[in-house]
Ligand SMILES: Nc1ncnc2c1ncn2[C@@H]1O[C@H](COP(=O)(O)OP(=O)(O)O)[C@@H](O)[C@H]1O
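In the form predicted on its own, a lone chain appears below as structure tokens.
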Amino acid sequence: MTDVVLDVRNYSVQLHTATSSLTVVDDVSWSVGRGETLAIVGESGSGKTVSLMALLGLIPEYVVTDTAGSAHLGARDLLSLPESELRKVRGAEVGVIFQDPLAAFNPARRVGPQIAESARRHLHLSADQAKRRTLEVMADVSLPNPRHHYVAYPHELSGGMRQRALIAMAIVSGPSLVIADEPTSALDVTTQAQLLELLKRLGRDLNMGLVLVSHDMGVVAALADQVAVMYAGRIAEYGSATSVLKCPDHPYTRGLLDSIPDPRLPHGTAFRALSGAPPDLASAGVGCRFADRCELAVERCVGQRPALEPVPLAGGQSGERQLSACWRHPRVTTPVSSAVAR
């Protein structure tokens, strides 16, 4: 990859309570470049969101957190920056699109001035300049009638328009990286498709990196260039979206893909859901954390942690990259059954 925006290496996150400590992100590594989208995907509780929020110092103040490893944004390691420096990074160099846009805006203030505030702070613009910049960006994200919505309150916008306004806030200062946490999960299918196309266009036109957090493999297939599949705080599989979605090696990845309903299957076909539930991290063993849900598991899977290592690519693909943390390495050479891979 050329022109890497963010390079995360051997990154771990521990959360502490009065009685115990919990490693919720366990030695993960990934990177994202300009104009590229990395999707971090997995079930709820897999560590997707907390891994990114901890990078930016956005874990709630009452939660005691320790991090290890490195996360280089250019020449600076985010994990070693004090809070005063992280405040300068957030918004200016890294934009964030939160899952709930209504909660992200102050309900007592108009939408436009909240976006303009970020432009004033990070771009050092006057009030008039910040307003002009905000109106330009509101138009860029296809928010209709920007001048009208500039003076609207958050509750006066529809869910889709609020999400567009939040995207405008994330990019108004021209960041090199945007983190999107389940940005379309609360929207209807039509609006979701429009926003996915918008995010894809913005990433390309603004030449910025995009890290997408999602549990929706359809969203991932539509947007991602690279995919990191997380399970119980670890990366199970990582590589190009083409190779991971069409030819998964890790049984967990295949399980996620096979659980997606395929409209082409005959009526009455049984739904293929992943059996079991993610482990309790407080009592997780040393081996593969998917072992107790995996049909291929053997004794080694329980007793030893598999390394994330390269796997052969299906069909002799070149220029692709695929890593998998599995002792068995099924080396699937036929496409998955789910329509998402198509």
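The shown structure was predicted, so the numbers you read here are calculated from the model rather than taken from an experiment. Heads up: residue numbers just count along the shown sequence, starting at 1. Between two forms, the rigid core is the largest collection of C-alphas that superpose within 1.5 Å.
As for the form predicted together with this ligand, it is not shown, yet the points below apply to it.
Site annotation in the predicted complex: the residue of L274, V63, A68, L58 reaching within 4.5 Å of this ligand with a heavy atom is V63. Of the listed positions (L308, V50, V28, V311), a single one reaches within 4.5 angstroms of this ligand by any non-hydrogen atom in the predicted complex, namely V50.
By the criterion of a heavy atom within 4.5 Å, S44 is counted among the residues contacting this ligand in the predicted complex.
Contact annotation for V24: at least one heavy atom lies within 4.5 Å of this ligand in the predicted complex. In the predicted complex, this ligand sits within 4.5 Å of a heavy atom of L15. Relative to the superposed rigid core, S20 undergoes a CA displacement of at least 2 Å between the shown form and the other one.
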